[in-house]
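For reference, the chain that follows is the form predicted on its own, supplied as structure tokens.
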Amino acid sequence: MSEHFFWWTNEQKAIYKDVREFVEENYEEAEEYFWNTKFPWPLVKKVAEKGYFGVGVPKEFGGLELGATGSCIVAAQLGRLYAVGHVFTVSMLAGLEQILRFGTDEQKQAWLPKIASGEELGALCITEPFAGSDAANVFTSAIKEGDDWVLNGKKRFITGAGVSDRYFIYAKTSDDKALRKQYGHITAFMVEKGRPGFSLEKINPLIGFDNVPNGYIDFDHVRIPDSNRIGAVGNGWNVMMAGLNFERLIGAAVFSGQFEDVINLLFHFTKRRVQFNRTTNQFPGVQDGIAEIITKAKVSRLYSYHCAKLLDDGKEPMVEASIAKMINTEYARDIGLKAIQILGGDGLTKFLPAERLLREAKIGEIVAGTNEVQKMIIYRFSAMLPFYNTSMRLRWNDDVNAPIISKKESKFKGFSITDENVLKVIAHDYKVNPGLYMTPDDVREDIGGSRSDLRKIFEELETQGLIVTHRDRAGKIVLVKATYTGLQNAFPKVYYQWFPDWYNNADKF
């Protein structure tokens, strides 16, 4: 698991070596904080002294400028220090990407050095009582009064609540319905701890995050200057979306270092656990389970750094970031379950870190957008990509007497555009794709003609009961298919028949 990737720079390779050594030196101390259920302040300060909080910050602001790849490297290794990994990732996510993209020069000078130094921790605040996966449904409001903004509302499920000094929040700045439809009702702000009216309301005991505070915060007429606004008024949705790719990637990467430790644990344990007069690592089922874990660990790591490279190259890998977040957290759950099973009863105890990974994974599947949301993003954005929407048509090939994927022109190309010929095209498609409709463009590709002429013919054929149509909400015809009567009118029954050569003619009827 310690190999470099060929696209890493020498600086990225160096930080990888450095942070691994740091983790090895401080692993035991992190475990002590875990068992004592104490926030690891001394260890967090060590991380700050090493400059790791600045891994994604440009050098001109005191950072290491190692990009998303460097951020993944550090997050993955610090994730092995339990609470430290989560604190590190959340603190970076609380404004780094957003300020880099949308901050003014003055804001970058004010905030980025603080992020880089780790002198104060940050928290990201999106979720509210009314806004979870529906992130646009924020109720926390920000009203402009002179040169200030006044915040009222609540945020919840805030990792680092209380211990953080800065809170990156999204608030509603307009009730205009037209703006809301365009997601123009949200604005991003940075809020410092200690402002009058800003308070911690509750700490959540979660399934995991044993010594990582997660809680509710309350804004009661909290006044902040306009200089704390990040991005234009009403542009908060774009600020949020710009930060989410980075957030999901780093939130995913923090799990991969833990995979390494679980694999080491399993090799150590199964070489020493004897059942039925042999060590358990000799059982094929145990070997298979460990092999699955290694496979998932390597795949998740590879995909995370692939996504990081895309970000570093200036791209917007929304699909890839969602995939990275989804597979890393789901793999973490699967690895945790499999590891516990291999460890048997010992895996159920908290003395071994397998159960811890399982609990953390369940949090990971929900935070930074549930995995259901990630799948929705993956589907919707992939559906818009030309890569997945190239023309692919099944056409009947007389030479092999079967439908095959073909780029050849339809045999109806050049036919006159009449009701009869259009019906033949649609009926012929039944022979090729009996369970599918045709789009109007499919028909047009096969026979030609204008869209308006075809639409009139579709309406006429529908009136005659020869085809059925599927229409969108506006009533526009988007799909057509021949009815049984339409099939009969277009071609004789034998046209649609097909039997393999081995079929006995005597059995036909």
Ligand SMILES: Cc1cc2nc3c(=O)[nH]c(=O)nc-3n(C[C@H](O)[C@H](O)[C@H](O)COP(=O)(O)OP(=O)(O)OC[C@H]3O[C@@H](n4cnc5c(N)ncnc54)[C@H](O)[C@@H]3O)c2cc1C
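Heads up: residue numbers just count along the shown sequence, starting at 1. These figures come from a predicted structure and were not determined experimentally.
What follows is about the form predicted in complex with the named molecule, which we do not show.
Candidate stretches 381-389, 328-336, 117-125, 280-288, one within 4.5 Å of the named molecule in the model of the complex by heavy atom
The contacting stretch here is 117-125.
Answer with one of 158, 323, 438, 357: the residue that has a non-hydrogen atom within 4.5 Å of the named molecule in the model of the complex.
Selected option: 158.
Using a 4.5 Å heavy atom cut-off, which residue among 372, 292, 346, 201 comes into contact with the named molecule in the model of the complex?
Contact with the named molecule in the model of the complex is made by 372 alone.
4.5 Å heavy atom contact, residue 403 to the named molecule in the model of the complex:
Output for residue 403 is no: heavy atoms all beyond 4.5 Å of the named molecule.
With the partner left out of view, is residue 187 within 4.5 angstroms of the named molecule in the model of the complex by any non-hydrogen atom?
Contact check for residue 187: no, nothing within 4.5 Å of the named molecule in the model of the complex.
Against the named molecule in the model of the complex, would residue 162 count as a contact residue? Criterion: heavy atoms within 4.5 Å.
Residue 162: no, not in contact with the named molecule in the model of the complex.
Might residue 394 be said to contact the named molecule in the model of the complex, defining contact as any heavy atom within 4.5 Å?
Answer no; every heavy atom of residue 394 is more than 4.5 Å from the named molecule in the model of the complex.
Any residue of 61-98 that, in the model of the complex, places a heavy atom within 4.5 Å of the named molecule
Residue within 4.5 Å: 90 only.
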